[in-house]
Structure formats: C-alpha cells, structure tokens
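Before any questions on how it binds or moves, here is one chain, the form predicted alone, in structure tokens.
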Amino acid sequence: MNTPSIQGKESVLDELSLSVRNESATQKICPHNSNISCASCRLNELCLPIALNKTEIHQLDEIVERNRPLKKGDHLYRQNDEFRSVFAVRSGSFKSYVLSDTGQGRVTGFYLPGEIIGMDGIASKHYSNSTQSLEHSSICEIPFSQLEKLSHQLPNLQHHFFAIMGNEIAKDQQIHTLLSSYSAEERTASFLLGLSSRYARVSLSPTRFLLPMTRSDIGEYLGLTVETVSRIFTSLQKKGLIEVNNREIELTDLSALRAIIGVDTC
C-alpha cells in the first residue's frame, strides 16, 4: 500500500485552499451566477446603475443579491410581509395585486425587465401588495437598509432612486385618471400603448409582443370585466388597429390608437 508523501499532501492542501478562495470570490461577485454583474447587465441603463460610474456600480454590486429564478405563479412577496428589499426585474414579468378584507383581489400593476418592484413597502415597512411571477422570471434583490446606507455615500444613486419613486407616484396618478375619466376603449388603448413604450425601452418590438398577463388580469387592472376587455380587443381588431392571436398582440396602427386617447401624433 502506497502512502502519499508529505510533499504530495501539501500539494493537495494547496489545491483545496485555492479552490475555497476561488469559490469565496465567486460568491462575493454573485451567489448564484458569477458571470452576472450590474456593469455587464444589458438592463443597466434602465435600472439603478444608470447614474453611476464604474466604481459606484461596483459598490452597488456588492449589496445586490441575484436570486434563483421564479416559476410562473411563484410569489416574490405577499401583502403585509415585512419590507426588507426592493427588486429589479432581470427577465420575465410580474403582477402586483391587493386582497380586500373579503378576499376580493384587484391587480395594481405589471412589471417588466429593468423595472423596480417593492417600493410600496417603504413607508409602512410592510408590503401593501402581493407580487407574483407571470412567467419564468428572474430578479435582483437589493436589501433596502444597505441601499439606504449606500445612497448616503453616492448622491447620484440617491437622486436616481428618488426619480424612480417619483415615476411610481406619477404612474399611480395616471391610473387614477384612467379609471375615473376614460371609457373602456380609451383605457384599453392607453394600456396597449403603455406596454408598447415599455417594451421599446428594453429594445423589444413596440408593435408586436406577447401579453404575459391574462385578460382577467388586464380587466382587474383597468376596472373592466374580462368580457369587456375581450369585446374591446375584438372591436379594435375589426377597425384594423390591432391583430390578436391568443396572447400575441400586434399594434398595426399606433397613430389611430393614440388618437383614441387624444394624443397628438404630429
């Protein structure tokens, strides 16, 4: 029976030590994928790093946790859960919804790649919505306590985060106006045009895309019944403004859709 030499044992220990150091370094970059960072992410011009230089992006990278993918129907968090983090959508899509005391649900928003989820929990320290994946999706989790500390050190990050919060407030005001004063057709046209511009931001087609949400989800969000949503889709298709094939939508006349909601296309 051959016994390993002392030199051989030291060589094995050196290899193990190197392996542990390499694994530790990989985990520091990203606990789930060492090839992903804020600097290399294709969405970094839409997400928090937009206002940061390379050194500042590295500091943000240190606190971002890139979690495991979520399957369709998985919850990111539930209504009244303790608020700890905000989340950036890397891929896929999500919907947020609230449940009343009677258990009645209402969809409050949809989130696409590059958009930030979870800011509804900042004020009360508990999430006011539940958020659920509409398809196979992935997110970056940003612990808010660490984000706050980093924001104090990086004014550009703080300013950009405030801008994102301001945009969320503006979106809430827009949906309030939409529900209070727009017709069913105007609400639907506005919703489709909004998706068009959001897909364009991530360099996807602004005129042909899949709807990750159901018509029931759209109805809850727009304050319409699912039957009304289907009727409006059929009407818009007959007018030649859209083409519908199950969940695939093609916007064939953007100008006419904008005209429905009174937007000047000149």
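Remember, predicted model here, so these are calculated numbers, not experimental data. When you see a residue number, it is the position in the sequence shown, counting from 1.
Only in words, not in the display: the form predicted in complex with a further copy of the same chain, which the text now covers.
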Discussion item. Check for me: heavy atom within 4.5 Å of a further copy of the same chain in the predicted complex, for each of Val89, Gly194 and Val226, yes or no.
Written reply: no
Worksheet, complete the sentence: Given 196 to 204, 55 to 63, 216 to 224, 231 to 239, the stretch touching a further copy of the same chain in the predicted complex at heavy atoms within 4.5 Å is 216 to 224
Worksheet item: Would Gln158 sit within 4.5 Å of a further copy of the same chain in the predicted complex, counting heavy atoms only?
Response: yes
Worksheet item: Taking heavy atoms and a 4.5 Å cut-off, does Glu115 contact a further copy of the same chain in the predicted complex?
Response: no
Fill in: 4.5 angstroms heavy atom contact with a further copy of the same chain in the predicted complex for Gly166
yes
Worksheet item: Does the 4.5 Å heavy atom contact test between Thr108 and a further copy of the same chain in the predicted complex come out positive?
Response: yes
Worksheet item: Which residues, if any, of 68 to 98 lie within 4.5 Å of a further copy of the same chain in the predicted complex when only heavy atoms count?
Response: Val98
